[in-house]
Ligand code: NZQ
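In structure tokens, one chain follows: the form predicted alone.
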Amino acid sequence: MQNFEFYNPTKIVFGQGEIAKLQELVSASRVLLLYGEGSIKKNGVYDQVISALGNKTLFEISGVKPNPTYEKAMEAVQLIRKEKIEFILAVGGGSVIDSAKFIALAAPYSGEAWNILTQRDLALKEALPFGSVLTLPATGSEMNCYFVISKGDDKLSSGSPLVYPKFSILDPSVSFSLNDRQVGNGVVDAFVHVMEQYLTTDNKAPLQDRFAEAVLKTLIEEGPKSYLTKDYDARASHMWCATMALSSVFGVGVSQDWSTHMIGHELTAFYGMDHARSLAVVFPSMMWVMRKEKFSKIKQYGERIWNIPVNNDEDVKKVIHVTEEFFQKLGVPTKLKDYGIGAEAVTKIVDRFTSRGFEPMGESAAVTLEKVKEVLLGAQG
């Protein structure tokens, strides 16, 4: 196991009816309510939030898109500065929460805000406090300090310990208004988040492995129920799995990959693919291309999660096949051809990586540009 430091100060308030606790959770008097394109007004969440906040002075920014944009975030930054807003309340899924994190850092920052994403060594000193009300279980952004923002066809990620949410309210019943696509995407997103931390190398960290496997097996058991029904317990398990998947609990002390995400981000940036669907396309192909480097963990994954003995390439194919079948049962296609994307994606993404000064990715820096090409070609179908 590698050396690590673990810090996660986010307070989780979990369960039905817990939105009512906002009054006691938000002490600031001037609050920015940040949300998406209006679904919270249709499903009653907006009314619950407004009622719970009582007599606080509220300002609103709506229209945060599934891939949150720099331009929309900067609207909020300008409003915060003008109105001396003290707290941000993000009500939505991972995109709204990601946007809140960037806004929280950008509002007090005096330089060019895009630097927060492009300059990794930027010395950020403060952030506006914020909390969240989660409406879509998927990204885990409600309990970590990472975020992704888009500007044009650039989609970049960053993070800072300054932007852990002060609290996140998780009410599984809120997810009942989601459509099938959103629910299926959410299960896949959580699953691949776990795999990016688990399917790497043998880190001699059995507890982290077992934590990860518990989330994977729960998603396999409860994810289809969450997708097919509005069963509260299934949605609760789905929501908590998605939160834990990226809370860093089982990512500490182990090597992590994230090359699937880096390639997936480019598919989203160029083609507008849902984030989870880009992962469902890239991840199985990544497993095959990197099967030698990841063999010991693929063997462990296949045997512990799917009860498939793994001794050779044919067995690896079986493990990849059942993983793809699981994604497909959730309504998520796993090949680029299913999205009308052809081989031109290979050149576009490789050229993008090259222009940014590509460095090999993955837990062992073994995902080279040649491997990226192989992954994308293998994902064609």
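Just so we're clear, the structure is a prediction, and the values are computed from it rather than from any experiment. Position 1 is the first residue in the sequence shown; the rest follow in order.
Beyond what is shown, the protein has a form predicted in complex with 5,6-dihydroxy-NADP; the following relates to that form.
Taken together, the three residues Gln208, Ser285 and Gly302 all stay farther than 4.5 Å from 5,6-dihydroxy-NADP in the predicted bound form, as judged by their closest heavy atom. Mapping the unseen interface onto this chain, Leu34 falls outside it, with no heavy atom inside 4.5 Å of 5,6-dihydroxy-NADP in the predicted bound form. Taking the partner from the other structure, 5,6-dihydroxy-NADP in the predicted bound form has a heavy atom within 4.5 Å of a heavy atom of Asn67. Under a 4.5 angstroms non-hydrogen atom cutoff, 5,6-dihydroxy-NADP in the predicted bound form lacks Met195 among its neighbouring residues.
Put simply, Ala138 is close to 5,6-dihydroxy-NADP in the predicted bound form: some heavy atom of it is within 4.5 Å. Comparing 329 to 337, 34 to 42, 53 to 61, 312 to 320 against 5,6-dihydroxy-NADP in the predicted bound form, the single stretch with non-hydrogen atoms within 4.5 angstroms of it is 34 to 42.
The contact with 5,6-dihydroxy-NADP in the predicted bound form, taken as any heavy atom within 4.5 Å, belongs to Ser95 out of Ser95, Ser259, Thr243, Thr200.
Distance criterion of 4.5 Å from any heavy atom to 5,6-dihydroxy-NADP in the predicted bound form singles out Gln182 from the list Ser255, Gln182, Ser160, Thr218. In the predicted bound form, Val174, Ser175, Ser177, Leu178, Gln182, Asp189, His193 are the residues of 173 to 193 with at least one heavy atom within 4.5 Å of 5,6-dihydroxy-NADP, listed from first to last.
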